[in-house]
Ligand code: ADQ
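Only one chain is included here, represented as structure tokens and corresponding to the form predicted on its own.
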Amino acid sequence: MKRLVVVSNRVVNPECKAAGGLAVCILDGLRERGGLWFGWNGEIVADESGVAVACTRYDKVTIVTMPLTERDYQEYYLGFCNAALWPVLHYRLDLARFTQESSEAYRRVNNHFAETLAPLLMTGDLVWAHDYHLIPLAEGLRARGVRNRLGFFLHVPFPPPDVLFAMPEHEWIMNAFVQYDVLGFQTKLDQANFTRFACEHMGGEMVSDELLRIGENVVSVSTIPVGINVESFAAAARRPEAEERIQWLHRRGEPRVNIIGVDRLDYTKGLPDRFRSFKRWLELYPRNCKAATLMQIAPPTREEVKAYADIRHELEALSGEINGQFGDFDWTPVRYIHRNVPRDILAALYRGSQIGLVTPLRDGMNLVAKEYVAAQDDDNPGVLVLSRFAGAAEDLQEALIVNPYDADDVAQAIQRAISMPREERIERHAALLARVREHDARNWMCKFLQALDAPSIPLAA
């Protein structure tokens, strides 16, 4: 079995019990095959004199990490990755900021990663890079003579050509993509957007449903949706401690319906729109006042970026406005929590909530939707209200699919979920759970590695 080399912007400590489901799945793959995980350790040093590579061995897994300089953190991470690529990939050109310094930093850091990683590779290693931070990594490795099979998975959306054209570096970015042997996307739409650009603007040709020929390269381009560890998350929602939390949740003010949303504090998640939709529900169905509470958990993220600070202030203002207008001495309509919550507590909160409100404006997949489904009681499940612009909506059609930009649409879906008969809830949940099991984290990893481990496709004579 070939050794697996995983490259990501951040690296997970194998001894960390709080690691997410995807990280655990990747670690299991590394332990099974033997392998190496390479990336940034999260530390920032003053300058290049403080950059040192650290190598730690955990059984069959080697963890290799390095810090970023303050300059690279500002220009590469906060600059190109989060101020340029992230908004473009999420269709938010109004928030994208492009500078020559940041694009040069993106090249520089990826070349530094490639220079550090290349000597650590062995013949036959399978190299699997993750997400938008590392699009040019393959180009850097190829320039250093690496001929291993290289794969890349994009965890976020891929925009249509008209959006991508707005990025000054779009030609270089696209040429960097096709230096990989295997590309994985979350949805068929993302895959189609990518291949459309490659075929219409780069002279590419689809030689089969999943093979793109472009110049001298033949690239496997597949839709492989990310999943969760269903059994593990479902078990966490059923522990005795979880049952205690659920009982506490139901006693808290004794609302008939608990509505839950869990999202990083990011403008792509549509949290202000969600609050306004909940307010609209209270306006449209005044008889339901005191019948439901929205609990929104929004852990902080990228607080150095102004757009994220603005969202926090907007949410605080909206929650105060809604609670002031509709709340009472014994009822708080919106419970807004701006901090991290452990996964075992989240599992209990999902199970104890009759509605899961997952309404991003644009999302690669959104695993909260799948976690909510996995946590439910099969005999009395809650209802998932899901944005049509979440990647998960391509698969989870039995959810109530909504337009997150339309407050009335979301409000009506909340009301429909509240009044949905138990038989319909059970039928919808069974179909959703079957889909979540089919496309779980293990399936995602196995499918990608199967494509990466396949022989290279020779060019026709």
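One-based numbering along the sequence shown. Here the structure is a predicted model, which is why all the values come from computation and not from measurement.
Keep in mind the form predicted in complex with the named molecule is missing from the figure; the text below concerns it.
Contact annotation for F113: none of its heavy atoms lies within 4.5 Å of the named molecule in the predicted complex.
Taking the partner from elsewhere, F80 is found to have every heavy atom lying beyond 4.5 Å of the named molecule in the predicted complex.
Contact between A317 and the named molecule in the predicted complex is not found at the 4.5 Å heavy atom cutoff. Not displayed here, the named molecule is approached by V341 to within 4.5 Å at the level of heavy atoms in the predicted complex. Scanning I259, V368, A129, L384 against the named molecule in the predicted complex with a 4.5 Å heavy atom cut-off leaves one residue, V368. Checked against the named molecule in the predicted complex, the residues P299, G327, P168, P161 give one hit for a heavy atom within 4.5 Å, which is P299.
Residues of just one listed stretch (68-76, 264-272, 173-181, 194-202) have heavy atoms within 4.5 Å of the named molecule in the predicted complex: 264-272.
For the stretch 148-171, the set of residues having any non-hydrogen atom within 4.5 angstroms of the named molecule in the predicted complex comprises H155, V156, in sequence order.
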